[in-house]
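First, one chain by itself: the form predicted on its own, in structure tokens.
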């Protein structure tokens, strides 16, 4: 565990997970990039507006019988609503938990910089090759990063536009997120409320 001070406001900050690359100061909202020597301030952004959520930073419990701790979240706004992605310490590793209008998904595998066809031509209902996976795209949309809190495994500047797609591949749930810089593929499964037990 690394403890230090916020480079912007001087408040105490602490990293709890070795995979975290970003910490959002809970006092001033500055996004702090984790470096070998400490923290570099990446930018100051407004705190996330409070909306009802199944978790808060620090929530603990089990998902599918395995222990988790909610380390942080990113929020994405899209026309008509928003969804949250929670970065979890999960069963000895890390995972991403998506919460979208009362539906939940758990993603335990993440591939970065995957090969993808021209994303502007992809349509819902289409089969596409993403890296070495054949994915049937069920939904496609555009969202904007609203902000973050807690610890995260990567940094995306608030205001960044993200093309997102949901699909299936070999019976597994697939989520794809693309920015100008990279494309990430998340593999996991949908969850029911009863799969999640908070302690």
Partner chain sequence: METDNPELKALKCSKCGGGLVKSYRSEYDDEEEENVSVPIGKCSSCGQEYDRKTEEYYGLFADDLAADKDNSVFKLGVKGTLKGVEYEIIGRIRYQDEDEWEKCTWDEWFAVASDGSYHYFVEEEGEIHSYEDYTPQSVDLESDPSSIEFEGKKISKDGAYVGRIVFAEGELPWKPEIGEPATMYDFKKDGAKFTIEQSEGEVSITKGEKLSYHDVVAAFGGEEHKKLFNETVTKRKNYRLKAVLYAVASAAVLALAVVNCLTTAPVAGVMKNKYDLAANVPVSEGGQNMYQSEVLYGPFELSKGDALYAARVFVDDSIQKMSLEWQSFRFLLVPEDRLLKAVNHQMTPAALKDLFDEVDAIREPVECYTFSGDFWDEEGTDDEGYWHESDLSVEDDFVLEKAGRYYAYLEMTSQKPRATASIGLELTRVKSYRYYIIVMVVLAGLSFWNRAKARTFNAMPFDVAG
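Numbering follows the first chain given and starts at 1. Owing to the predicted nature of the structure, the values given are computational and were not obtained by experimental measurement.
Quick note: we don't show the form predicted together with its partner chain, though the next part is all about it.
Taking non-hydrogen atoms only, residue 12 never approaches its partner chain to within 4.5 angstroms in the predicted bound form. Using a 4.5 angstroms threshold between heavy atoms, residue 143 stays clear of its partner chain in the predicted bound form. Heavy atoms of residue 112 never reach within 4.5 Å of its partner chain in the predicted bound form, leaving it off the interface. At the 4.5 Å threshold, heavy atoms of residue 127 reach its partner chain in the predicted bound form. Comparing 22-30, 168-176, 66-74, 149-157 against its partner chain in the predicted bound form, the single stretch with non-hydrogen atoms within 4.5 angstroms of it is 168-176. Of the residues in 138-156, those that come within 4.5 Å of its partner chain in the predicted bound form through at least one heavy atom are, in sequence order, 138, 139, 140.
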